[in-house]
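Okay, here we've got a single chain as C-alpha cells, the form predicted alone, with questions on binding and movement later.
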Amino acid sequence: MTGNSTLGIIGYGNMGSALGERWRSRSRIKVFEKDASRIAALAPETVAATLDALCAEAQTLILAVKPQDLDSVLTRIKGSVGHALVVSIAAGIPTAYLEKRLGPVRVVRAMPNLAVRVGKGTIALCKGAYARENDVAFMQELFALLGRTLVIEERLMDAVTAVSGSGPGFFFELVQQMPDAEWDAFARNSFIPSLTVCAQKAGFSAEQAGLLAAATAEGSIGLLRQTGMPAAALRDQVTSRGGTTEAGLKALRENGRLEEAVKAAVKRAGELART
C-alpha cells in the first residue's frame, strides 16, 4: 500500500478499532461507524460521514461488522466497491456469499482472533474467486502487524474459527484459577500439544496445527499479561451469544476435554455459515 492510498474500515467495535490502531502507522485510515461513541476520540478527518463517501475514497475496504449486520452493509455498498479490495472478518460468511451479494469483486476473507489487540494475534486468510495472489500477499503484510498470519483453503475456515478464534476462550477457561507463574508451563506441556492434535483432527497439516496452537497460546498469555484483565473477563469478551466459543465452552465444562470443545466449536461454525 502506498502512502497516498486509503484503507476504509466499516465498523469500529473491538476488532475494527484494534485493526485501525495497528494499521494507522502504515496507511491512511478512514472509518465509518454508526455508533458515535466508538469514534468520538478519532480525528474528524479519519471519519467518513457516509458509507458512500468511504467507498468512493478507499482502495481497500475492511468489513468489520458483526455477521448479523453484514447484509444491510452489503446492500448499501453494492455497486460502489468494484474498484476496491474487499476484506471480510465476519465469521461464517464465505467469499462466495459476498461475491453473490456484491458481484465479481476481489474478496479476501480473514479470521483474526482477540490477541490482535496486543500484536500477538493469529490471522488466517483465504481468497475469493476474483482476488489475486498479490491481494492475499498485501493482506498478509498488513495483518503481520497484528500477529502471525496463515494462508489456508477456505474449507478450513470453520476449523480455524474453532481453533484460533475460539481457542483463547478455552485457554482462559482453563487457567482462570491458575497463578500467572504457571501459565507458560501449562501452555507448553498441556494446552499446545492438545490443541495441536485437535487442529490436525480438524483438517490442518501437522505444521499448520502446531503454528496455530502455539500462536493461540502465546496470544492468550500476551492478552492476560498486557491487559492485566482476569482470565474470566477475557473469556467473556471472546464469547458471543450463540457463537462457536460458547458452544465449545459448554462441551469443555461438560467433559473437561479440549478435543470435545474444538469439535463443538467446529460444528457450530458450520451451522452459522451462510451459503
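Quick note: we count residues from 1 along the sequence shown, nothing fancier. In this text, all values refer to a predicted model and were calculated from it rather than measured experimentally.
Below: the form predicted together with a small molecule, not depicted.
Given a 4.5 Å cut-off on heavy atoms, tell me which of 20-28, 262-270, 7-15, 249-257 is the interface stretch with the small molecule in the predicted complex. Of the options given, it is 7-15.
Is it the case that residue 114, even though its partner is missing from this view, gets within 4.5 Å of the small molecule in the predicted complex, heavy atoms only? Contact check for residue 114: yes, within 4.5 Å of the small molecule in the predicted complex.
Is residue 69 near the small molecule? Define near as a heavy atom within 4.5 Å, in the predicted complex. Heavy-atom contact with the small molecule at 4.5 Å: present for residue 69.
Flag residue 207 as yes or no: does it have a non-hydrogen atom within 4.5 angstroms of any non-hydrogen atom of the small molecule in the predicted complex? No.
Any non-hydrogen atom of residue 33 within 4.5 angstroms of the small molecule in the predicted complex: So residue 33 counts as contacting the small molecule.
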